[in-house]
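Form predicted on its own, single chain, as structure tokens, below.
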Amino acid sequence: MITIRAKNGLDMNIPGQPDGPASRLMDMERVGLSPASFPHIRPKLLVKVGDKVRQGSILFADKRNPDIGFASPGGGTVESIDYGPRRAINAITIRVDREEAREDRGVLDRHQLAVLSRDALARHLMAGGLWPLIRSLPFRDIADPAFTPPAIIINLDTLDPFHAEPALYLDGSAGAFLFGLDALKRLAPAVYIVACRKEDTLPPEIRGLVTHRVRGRFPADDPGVFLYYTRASAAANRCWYIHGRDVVLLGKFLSSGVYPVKRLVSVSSPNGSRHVLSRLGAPLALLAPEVRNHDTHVTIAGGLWRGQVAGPNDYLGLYDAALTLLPAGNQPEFLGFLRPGRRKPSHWRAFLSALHNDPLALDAGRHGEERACVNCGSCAAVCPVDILPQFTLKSVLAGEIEEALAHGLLDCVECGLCAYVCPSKIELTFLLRQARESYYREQQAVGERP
């Protein structure tokens, strides 16, 4: 096993980490799927309101590659299709039948998997709706099945706060993980299994398979950070990656032929934190009723740093395993500028909170307005891949994309730390992500593979 020590990053001492066994969420009448939760895709709708669908039926495909399907998280009737501006599909809602019908894609055993060709395996995963679980670096788009990557990175941990530890989602699923691992080995010449926590918490069947241990603060778990410390050539920039919990889904799908929908979700809110055994497509308001109080709370689906702001009518996405609710933090603080900030979490040591190590609660308020960059270097000090975010952003704003690339724009792992520590309140992460997406679209438009 190779040990890597990642520098920079940030660990926050905040309360609300879920603990204990998972409770089971009640049955639900509706589930949903949002194309917007998949970056870069151009969805082509394949169903209409009133259609009967099975669990695992394909609801829409990616116009860029119509063979890549996105499966229904429930069996029942398409109740509604919500559109946003310019007819963008916001969500497809399924009213779940009491007895759900399920698509049967056929069972594979280990011998059949061993003799199946790589292309046949990829087509099987695309038809079953599991292919979107595999994504590619550096743009984190869904993997191109026609391309053979140099390696696939499996991250077992998530250092983003409020996520379940690997021992929880692997409990009783080690066999499915190993089956999914066998499938991934058919897709790439090398598969790396990366862990951040102590291996003795993993099931014995998996403990000895870990190839790399990454030590460090958030986001040391990110595949982009792993690649930054291990790549030996430019070709490695195009590795694929998948999370350990999704490898379990691959194994369950291949061994049962049925689209798996169970998901362990960590719910963290000011009213309590817990693990919940839920399902893909679950209404967020059912997972945490506080989601409805969107005037007083901000809901983040997918993780505190990497997640997206969600609303009371949204559903649990394919990549989401955590739901975090923060106080909105938009209430004015009387004479706040005179307070010493004994309970105020901050990267800077300007408050009294820097003198103790007690957990400090976060809110979603920005606590200030955007100002000009003062070149303080705070963003560079926490950047896990050693780019200089302030200079990269200035290159982007000046339209000098080549200079931004030279500064390491494509190495950015979009962890969000630079925006958090910026004293000028500049949305660095959002702006850098926009620049990366714009560059990616330009490359696709001219038919080049970035």
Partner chain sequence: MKAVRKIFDAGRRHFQPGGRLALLAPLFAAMETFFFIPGETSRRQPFIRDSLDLKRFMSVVILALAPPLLFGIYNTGYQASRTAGLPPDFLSVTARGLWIVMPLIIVSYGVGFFWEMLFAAIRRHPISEGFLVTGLLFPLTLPPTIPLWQAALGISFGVVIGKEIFGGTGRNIFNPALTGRAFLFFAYPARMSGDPVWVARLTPGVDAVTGATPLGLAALSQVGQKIETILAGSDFSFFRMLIGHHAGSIGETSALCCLAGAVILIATGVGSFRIIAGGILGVLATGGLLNLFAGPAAQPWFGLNPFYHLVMGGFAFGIVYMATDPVSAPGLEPAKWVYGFCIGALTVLIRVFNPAYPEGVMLSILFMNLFSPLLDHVGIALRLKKRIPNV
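The structure displayed is predicted, hence computed values, not measured ones. Residue numbers count along the first chain shown, from 1.
The protein also exists as the form predicted in complex with its partner chain; that form is not presented, and the subsequent description refers to it.
In summary, among the residues V53, L393, V31, I387, the only one with a non-hydrogen atom within 4.5 Å of its partner chain in the model of the complex is I387. The partner is absent here, but in the model of the complex a heavy atom of R306, alone among R140, H212, R197, R306, sits within 4.5 Å of its partner chain. In the model of the complex, its partner chain sits within 4.5 Å of a heavy atom belonging to A419. When its partner chain is considered in the model of the complex, E99 lies well away from it, no heavy atom lying within 4.5 Å. Its partner chain is not shown here, and in the model of the complex it never comes within 4.5 Å of any heavy atom of G172.
Among residues of the shown chain, M12 is one whose heavy atoms approach its partner chain to within 4.5 Å in the model of the complex. Looking at its partner chain in the model of the complex, residues R95, R135 and L181 place no heavy atom within 4.5 Å of it. Considering its partner chain in the model of the complex, the lone stretch of 241-249, 172-180, 368-376, 100-108 in range is 368-376 [heavy atom distance within 4.5 Å]. With contact defined as any non-hydrogen atom lying within 4.5 angstroms of its partner chain in the model of the complex, the contacting residues in 329-345 are G329, N330, Q331, P332, E333, F334, L335, G336, F337, L338, R339, P340, K344, P345, given in sequence order.
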